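A lone chain, given as structure tokens: the form predicted alone.
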Amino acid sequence: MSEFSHIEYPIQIPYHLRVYFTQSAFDVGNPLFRDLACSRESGNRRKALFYVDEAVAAANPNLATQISAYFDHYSEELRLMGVEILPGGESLKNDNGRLNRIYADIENRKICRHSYIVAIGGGALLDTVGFAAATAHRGIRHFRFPTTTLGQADAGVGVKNGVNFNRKKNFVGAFAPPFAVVNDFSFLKTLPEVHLRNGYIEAIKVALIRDASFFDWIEANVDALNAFEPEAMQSLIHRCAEHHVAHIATSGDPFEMGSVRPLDFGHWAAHKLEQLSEFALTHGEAVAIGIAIDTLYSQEMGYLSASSAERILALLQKLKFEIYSDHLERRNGSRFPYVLEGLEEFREHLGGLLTITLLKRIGSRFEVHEIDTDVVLRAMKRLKNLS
């Protein structure tokens, strides 16, 4: 019999996942960023390198000047190391050259683990810059400034960063909580309609799996949300972000060491649809279709009532989301469409058992480890007829 010895110590690393809500964060009269960057836990960090989504920069042409003036105003406490512009959108996450440029910037500007990297933009830029920050020098503290409803309500307030590989979404990534997330509502004023609407789908998702009263609220505020009334949008973003942060902090699995990903309800099909459309479908548009598929699947399997399924599909359509795409019909040489490959890719991403979140009722979810592909096909056929 072989003998062995071992040494074991528990390692506990406290993280604080903090999300702040403000307006005009780089107005010199708003001390929030200064206070965060110079707080006790900052560890005397003062240097900051900024990356801004080019669409955000174009819509806010004075932003770089405002950031520079902000740092000049607080020059005794902060030091600006540059404001760089990067293209946004999913193409950024497919471009290793852009990632390498960020690494080169970090080296050339002498950005170290006693500095900050600040990302201002949509989800793709936050993911890419966050991944660079998480891996350069084995981790540089970073700030996120999500500038879309999707980012402020969902993607920007999490702990995941990643880029694509071989067109597979987020194949390369890291769990690295941001030092802070700052949701600056003033950025929403210049967003095009499609990006204003995209965040609504993640609010619907989190309501379906966690909070029936939130779903009721969204239904009651459809007109205000379709009119993009600031008060309604800000309430939706705040409530959705609160649910996401609470789940990450209290689920017992913030870094997804297991196989359950309830916050990805509807996403197994969505991620594949984004690939199939060459990312012409936005993430929000793809998730709407994915939610519709899993809603009807839940009903077809007898888990969810027909009346609840009708409410869900009706809300998606009232908020002007399509519930079907022709990309669902693309075939891989057999009777099965390509989109079903998303199930295996979803499983591969974590390994272990396939784990898909489904609905018992609005506000209540559960997980299954097997999916009947014939029932999925039936659900997709129903969606085609309904659309």
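The numbering used is simple: start at 1 and walk along the sequence shown. The structure presented is a predicted model; accordingly, all values stated were derived computationally and were not measured.
Form predicted in complex with a small molecule: not shown, discussed below.
Here the chain stands alone, but in the predicted complex its contact with the small molecule, taken as any heavy atom within 4.5 Å, falls in 86-94 among 86-94, 101-109, 306-314, 132-140. Using a 4.5 Å cut-off to the small molecule in the predicted complex, each of A55, A124 and N170 places a heavy atom inside that distance. In the predicted complex, at least one heavy atom of T147 sits within 4.5 Å of a heavy atom of the small molecule. The small molecule in the predicted complex is approached by L191, whose closest heavy atom lies within 4.5 angstroms of it. The small molecule is not shown here, but in the predicted complex it comes within 4.5 Å of a heavy atom of H195. Interface residue remark: V182 is not counted as part of the site for the small molecule in the predicted complex, having no heavy atom within 4.5 Å. Only one of I293, A176, A155, M233 lies close to the small molecule in the predicted complex, with a heavy atom inside 4.5 Å, and it is A155.
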